[in-house]
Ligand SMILES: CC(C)(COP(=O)(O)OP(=O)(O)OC[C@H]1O[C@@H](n2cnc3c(N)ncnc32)[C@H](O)[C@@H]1OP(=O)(O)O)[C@@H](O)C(=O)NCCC(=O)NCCS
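A single chain, nothing else alongside it, follows as structure tokens in the form predicted alone.
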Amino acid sequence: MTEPTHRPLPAGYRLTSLTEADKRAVLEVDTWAFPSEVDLDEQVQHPLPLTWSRTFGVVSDHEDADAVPFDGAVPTVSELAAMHASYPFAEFPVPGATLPVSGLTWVGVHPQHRRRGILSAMIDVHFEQARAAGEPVSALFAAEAAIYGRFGYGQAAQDLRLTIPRGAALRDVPGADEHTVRIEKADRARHGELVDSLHRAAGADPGGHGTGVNRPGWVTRESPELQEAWWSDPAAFRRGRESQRIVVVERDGEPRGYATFRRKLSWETTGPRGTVSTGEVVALDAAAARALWGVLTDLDLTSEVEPFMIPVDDVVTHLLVNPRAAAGRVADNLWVRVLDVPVALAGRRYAGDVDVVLHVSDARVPENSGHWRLRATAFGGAACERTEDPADLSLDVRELGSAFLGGVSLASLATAGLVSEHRPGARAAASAAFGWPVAPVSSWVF
């Protein structure tokens, strides 16, 4: 362990860089913060998704009460008390563009060391490091939704969880029956390039309409560590389900979509009641999506399909003849924190012309506070600069994060008293401009 730049921490604690040599200590802290049914000795055998140069710990230095003093001095011991890391997303999709984004992850504090300000100190370190790296936005998945709002993260995307009965009626789509199907064991050597290319293409143009409208939040697994960990499939983590499978649909020999899935079989007196749990369901157009869902909803010995995380506007929501039977529920997906207001706002595109002065409040990153004039043309360029002009709208950086990916409207935030309007009409115009034609989502948890 080596010492990075010092940051304010409680007495007896210090920040340290972590390396692969600290893997066991990292996993031990992680399993204290997030209890796991998988034994630590098993976990250390498998790859981690971490980029070690972006992984940091907080070490507790304390006297060893069990040690025999030497020359009157009680020896000290050091143990990992907390950690955090981030992923380098150089091409994170935002409305109409990509931006470098810091994906905050693996944030955990040992229960022995909670309520001492350690988490706050780590978040401040993360913000400073991201800004220094030229990453104007931080994004994360929140284990507990109540935690990150106080650090300025806003819920920016949702995903849909369904339970679709086997054999559910689906509407026809022209061309769906022209696809051929391959159902195989998922294997990185065989499917890695296919999955990566289809995933990127689907996020760049959801639905295959050629409009140039991308899906915000559709982040790819950019680092080799993320790729290795995503394809790792240890039995200990399957929770009684089979190894990962994949279904690939092709048209005229060209792959047009894929879905990863696992089945779990349950025998009851009425017969088999297996569950199909999907990972990613990715298609380049409606016909490919119809072909995929047709396969997933008609596997032998199964009674239901449970898509884990799909967009709230996913194709299947329109294809289901009886969507009520799918028992849909919505869950929070990405949380976004704007770290550099002018760079972030100028780096995305807008669905309408806009010229608005935003008064942004940010208690944690003072450089963001103040008045910012945002000018943009519909689906064209944008500029954002500090101004002394009076504000048209006032909001906290948390609400700016919620609206940033285009999935949460400023108008809806205003109905909750979280956005204030100072010029009539500014709220409606800005809300329309910040919106986006398709819902933001990440198809995997990072």
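All values reported here derive from a predicted model rather than from experimental measurement. Position 1 is the first residue in the sequence shown; the rest follow in order.
Heads up, the form predicted together with this ligand isn't pictured, but that's what we're talking about next.
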Exercise. In the predicted complex, does Ile147 have a heavy atom within 4.5 Å of this ligand?
Worked result: yes
Exercise. Taking heavy atoms and a 4.5 Å cut-off, does Val315 contact this ligand in the predicted complex?
Worked result: no
Exercise. Could you tell me if Val109 has a non-hydrogen atom within 4.5 Å of this ligand in the predicted complex?
Worked result: yes
For this session: Although this ligand is absent from this view, report whether Leu301 comes within 4.5 Å of it in the predicted complex, heavy atoms only.
Result: no
For this session: Report the residue, out of Arg161, Arg238, His209, Arg114, that has at least one non-hydrogen atom within 4.5 angstroms of this ligand in the predicted complex.
Result: Arg114
For this session: Consider the chain as shown here, without its partner, and state which of Ala327, Ile183, Ala169, Ala143 has a heavy atom within 4.5 Å of this ligand in the predicted complex.
Result: Ala143
Problem set entry | Segment assignment from 95 to 103, 134 to 142, 230 to 238, 347 to 355: heavy atom within 4.5 Å of this ligand in the predicted complex | 134 to 142
Exercise. Can you name the residues of 16 to 38 that have a heavy atom within 4.5 Å of this ligand in the predicted complex?
Worked result: Ala33, Phe34
